[in-house]
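Next up: a single chain in structure tokens, the form predicted on its own.
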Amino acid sequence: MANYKIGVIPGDGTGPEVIREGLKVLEAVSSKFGFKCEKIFYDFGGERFLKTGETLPSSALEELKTLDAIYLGAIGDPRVKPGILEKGILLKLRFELDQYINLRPIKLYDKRFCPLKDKEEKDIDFVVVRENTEGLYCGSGGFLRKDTPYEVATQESINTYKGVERCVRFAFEYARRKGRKKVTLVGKTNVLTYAFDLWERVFYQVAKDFPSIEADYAHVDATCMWMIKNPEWFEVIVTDNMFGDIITDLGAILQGGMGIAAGGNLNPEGVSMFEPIGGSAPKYTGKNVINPLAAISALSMMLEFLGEEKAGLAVEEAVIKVVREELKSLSAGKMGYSTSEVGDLVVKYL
């Protein structure tokens, strides 16, 4: 019987509430499919930072490197200045664990919850592969003459051949594995003529290794337009860190909102981290009204990554049944059920 070591970071705000429901589902699905998960809990987040001044200690980071996966609730506390927790925990985990792929499925489970007119479930089913450790998020840059009328602020986008190539190759390999027929590079080659010259050259070079898959290109502004007008055009999108961050939030709304949007920060050769993408939602903390399905969908992704594909698919199918047959809305406080009741429904449909 397989036994996986899972690091659990409930985090801030409503994070512990949605993680609680995810672990409830994990208990049920592991029992059903015959594997075990040893859970190691970590208290990283705003509360720990306010008490100790620590974000992510180096000793804990070394321990996390020995695990099979990380399950994250949310990071973000209004009592802490923006950027401290995000850089000190989220970005540090992604960079230090070399989680170079951010994988975001954009899949509509029920057309009732799509804001687009006349779009069906079959029209919104694509994946965004976002480069996760380079670009503008590297923090390269600085200030000159700060807080004067002559201030200069620079922030540079760092793109390496290695970083771009492994991201693009992952996108094509993912498309082949999932039976997708097209990969679209999203960039801005007409303005960002250095960074996306590299991306475009590498993209078409890698595409030669996948002759059965169509290689397509779209500017990021046009992509935002087509995601609204014709989302069915997309199958797999690959893009850089910043553009990926933006279009995945747009994609989340297409699939029904943050309550259903899950993501994975992947290191295919190492330790990956899975999370709902909606943030800590502090105004709903402790009210038992937040939608846990994004966290449960992230659990489904984690199971697939661990090699428990049947278990992951079973969780996704249970989530789909709950969305289609039980919920009035995907928004917090409007679902018709509490957070814990939604978790119970997923277990029931398993």
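A residue's number is simply how far along the shown sequence it sits, counting from 1. Quick caveat, the model's predicted, so the values are computed rather than measured.
Keep in mind that the form predicted in complex with 3-isopropylmalic acid is not shown, yet the notes after this line are about it.
Open item on the list: If contact means a heavy atom within 4.5 Å, which one of 200 to 208, 116 to 124, 221 to 229, 85 to 93 is the stretch that engages 3-isopropylmalic acid in the predicted complex?
Closed with: Every other range fails; the passing one is 85 to 93.
Open item on the list: If the cut-off is 4.5 angstroms on heavy atoms, which of these, Glu235, Asp245, Asp98, Asp216, is the one near 3-isopropylmalic acid in the predicted complex?
Closed with: Here the answer is residue option Asp245.
TODO: May I ask you to choose, among Tyr71, Tyr109, Phe172, Tyr137, the residue with a heavy atom within 4.5 Å of 3-isopropylmalic acid in the predicted complex?
DONE: Spelling it out, the residue with a heavy atom inside the cut-off is Tyr137.
Open item on the list: Even though the partner isn't displayed, in the predicted complex is Glu275 close enough to 3-isopropylmalic acid, meaning a heavy atom within 4.5 Å?
Closed with: Glu275: yes, in contact with 3-isopropylmalic acid in the predicted complex.
Open item on the list: Is it the case that Arg104, even though its partner is missing from this view, gets within 4.5 Å of 3-isopropylmalic acid in the predicted complex, heavy atoms only?
Closed with: Yes, Arg104 is a contact residue.
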